[in-house]
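Take a look at this one chain, the form predicted on its own, written out in structure tokens.
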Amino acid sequence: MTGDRTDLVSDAAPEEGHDPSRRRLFALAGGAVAAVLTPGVTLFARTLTVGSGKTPVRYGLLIDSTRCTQGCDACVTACQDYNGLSKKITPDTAQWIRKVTVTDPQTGLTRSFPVMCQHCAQATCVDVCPTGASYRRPDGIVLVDKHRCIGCRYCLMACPYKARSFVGRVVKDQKPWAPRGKGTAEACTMCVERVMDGKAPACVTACAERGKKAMVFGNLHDPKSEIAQKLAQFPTTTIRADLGLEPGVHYRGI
């Protein structure tokens, strides 16, 4: 298929047992950046073995592209409103979530769906960060510690999903739960403060209330959760599964 085409300070420590040798993925991911979600994008189908992880909780998303319509941007607007992001999209604007349209060149089938940080189990952004600012929580959510980030932008180059942004100017009227320091990297936080309060991310809530109910959030490692049961019912897709990054965001219908 071809296509026409990001964090929060937390007291949680980086996940233990992280293997620095995976830094070799940086070169692989860097070479793939130009091709991801641009003409030539490749989507790989895979199946999920529910409950196979090392931790009892791994949060993730399931996005059903058969329900998502091209004209709907409820998830994008909700993210912008909740996290205090600008709605005026420019080359310098941070987009923690964006809508992408892909078309199968053989059949002409077109799908529209949101793309955000994929919260990978083997996150390249974490691997290449020289200060440990980019880290993965034990529950699978990938974040940036603003106090440690030095603005090197290695994580932006390493992310094959173009999911990270760089804050190049002073940001006013920030949300207290979404600090955005000048000279730091950022990306989707999966609304971690809402998750810790027992709520779904803002994009998921908005999709259910104002959109097409195309997004499901939950614990991938709990066989009784809605997301795990849905993943067990039908095949799903992760973007660039060939990189072996094990994204926490799964897609249906693309």
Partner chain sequence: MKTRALVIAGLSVLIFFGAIWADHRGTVPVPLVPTAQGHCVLPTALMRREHMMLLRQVREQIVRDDKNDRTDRLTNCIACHVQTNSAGAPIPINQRGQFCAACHTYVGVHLDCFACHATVPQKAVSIANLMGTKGEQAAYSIPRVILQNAPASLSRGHS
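Numbering follows the first chain given and starts at 1. Just so we're clear, the structure is a prediction, and the values are computed from it rather than from any experiment.
Keep in mind that the form predicted together with the partner chain is not shown, yet the notes after this line are about it.
In the predicted complex, the partner chain sits beyond 4.5 Å of every heavy atom of residue 108. Interface membership of residue 193, defined by any non-hydrogen atom within 4.5 Å of the partner chain in the predicted complex, is confirmed. Although the partner is absent here, residue 228 is not a contact residue: none of its heavy atoms lies within 4.5 angstroms of the partner chain in the predicted complex.
Within this chain, residue 88 is remote from the site of the partner chain in the predicted complex, having no heavy atom within 4.5 Å. Contacts with the partner chain in the predicted complex, taken as any heavy atom within 4.5 Å, map within 180-219 to 180, 181, 193, 194, 196, 202, 205, 206, 209, 210.
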